[in-house]
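First, one chain by itself: the form predicted on its own, in structure tokens.
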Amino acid sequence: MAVIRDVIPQLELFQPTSADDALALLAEHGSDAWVYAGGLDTLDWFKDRVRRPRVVVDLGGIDSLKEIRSIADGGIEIGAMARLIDVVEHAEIRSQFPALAYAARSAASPQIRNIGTIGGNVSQDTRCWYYRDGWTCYRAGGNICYASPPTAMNREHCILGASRCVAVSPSDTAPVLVALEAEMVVRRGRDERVVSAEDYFVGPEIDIERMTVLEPGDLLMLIRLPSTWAAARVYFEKVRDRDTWDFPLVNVATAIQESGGMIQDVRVVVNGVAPTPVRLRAVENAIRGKARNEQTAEQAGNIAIQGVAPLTHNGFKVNLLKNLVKRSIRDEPANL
């Protein structure tokens, strides 16, 4: 399939300075509008001419969406336009939720973290090359998945949760936000709704053409971190091809509240293996109330890979998943 690259189609650019003005533009233009945050995912789509919106709404001039602030219950609110580097360097995030800072630092490269936003990181589209090159797959409105046949290039695709589409979520901050029970505050016009991070992501069995709950007219305003897991042991680890820059092959975020070496409560979330970040509830239920030791970690790793269905070229992800979950229970979190 011939694709004209590096030529951005003609479009109309709006640069509002308030969230209300941005929302009014999104309401006016509906599905013709494209929300532009850091622009890193956006420019790929535009240059390859796969996405051709008539209107682009640039959020870069809305200072209120860039704020990071403490809230009454001891938690933190992070504006959707806060840059990844702002998350990495914020003193309260580093002290209360260091795993989120570590995950944000694991995303991409220093140059990209200086531009990319946390809202963009959690809301970015999948990186499946068939889809992004304009092939008419299920996710693009067609009736086939080009990545699933035995002869396809599917090294980086699903081993869990596939439903026609086998593309995965590429976010590094997403599994940590799910583990921390974060809330996503979304506005449409004057209406506001709060969606748990776990429910923010949409799998192909629900809507094969979307990765999140956001629809035309919606705007992710901020991410709210409650204090529930602020004092917990939260582990994040990412495996990728290149340490300097790459999307995850598999990543894991595990939050544990323990007392006397016993696991009182736990949330285990993996990404890069399914269309959305996945909570491993069977693992959580099996290890809750047990000692955090090698035996429990081994049990967690074995349960984590139950039901996996690797494709032709991504069977290596099974062992990655098992061992990352095991380490997330057994090992201590890395320091920033």
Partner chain sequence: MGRISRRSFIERTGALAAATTLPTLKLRGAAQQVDDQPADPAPTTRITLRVNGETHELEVEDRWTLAEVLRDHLGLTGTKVGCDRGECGACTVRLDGTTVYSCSQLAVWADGRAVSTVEGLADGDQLNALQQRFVAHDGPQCGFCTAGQLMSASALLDDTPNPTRDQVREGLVGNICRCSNYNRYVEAVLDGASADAPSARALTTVGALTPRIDAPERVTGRARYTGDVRLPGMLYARVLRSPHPHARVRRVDTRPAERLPGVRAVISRNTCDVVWTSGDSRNDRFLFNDPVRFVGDPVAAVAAVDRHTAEEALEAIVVDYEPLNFVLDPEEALRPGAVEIQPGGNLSPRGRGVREPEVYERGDLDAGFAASDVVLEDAFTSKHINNAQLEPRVSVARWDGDRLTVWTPTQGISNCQRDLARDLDLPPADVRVVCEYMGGGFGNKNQCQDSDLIAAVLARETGSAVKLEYTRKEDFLGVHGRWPTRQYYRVGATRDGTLQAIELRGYSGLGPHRKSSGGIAGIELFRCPNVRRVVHPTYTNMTVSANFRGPAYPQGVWGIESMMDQMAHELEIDPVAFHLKNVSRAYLDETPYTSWALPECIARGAEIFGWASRWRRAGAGDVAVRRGVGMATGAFSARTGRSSAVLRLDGDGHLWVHVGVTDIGTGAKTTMALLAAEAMEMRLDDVSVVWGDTDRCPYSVGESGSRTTVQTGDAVLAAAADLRQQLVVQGPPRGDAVLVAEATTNPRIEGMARYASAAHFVELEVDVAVGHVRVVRYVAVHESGRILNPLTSASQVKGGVTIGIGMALHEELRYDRATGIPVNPGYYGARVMTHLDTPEIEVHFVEPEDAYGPYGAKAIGEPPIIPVVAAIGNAIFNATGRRLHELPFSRDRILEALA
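Quick caveat, the model's predicted, so the values are computed rather than measured. Residue numbers count along the first chain shown, from 1.
Here the subject shifts to the form predicted in complex with its partner chain, a form of this protein not shown in this document.
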| property | result |
| --- | --- |
| Site check Ala24, Thr151 and Phe247: each within 4.5 Å of its partner chain in the predicted complex by heavy atom | yes |
| Contacting member of Ile303, Ile68, Ala297, Leu40, with respect to its partner chain in the predicted complex [4.5 Å, heavy atom] | Leu40 |
| Contact of Asp63 with its partner chain in the predicted complex (heavy atom, 4.5 Å) | no |
| Any non-hydrogen atom of Tyr36 within 4.5 angstroms of its partner chain in the predicted complex | yes |
| is_contact(Arg155, its partner chain) in the predicted complex, heavy atom dist at most 4.5 Å | yes |
| Interface membership of Pro110, its partner chain in the predicted complex, 4.5 Å heavy atom rule | yes |
| Candidate stretches 261-269, 212-220, 180-188, 125-133, one within 4.5 Å of its partner chain in the predicted complex by heavy atom | 125-133 |
| Within 217-246, the residues that have a heavy atom no more than 4.5 Å from its partner chain in the predicted complex | Glu237, Val239, Arg240, Asp241, Arg242, Asp243, Thr244, Trp245, Asp246 |
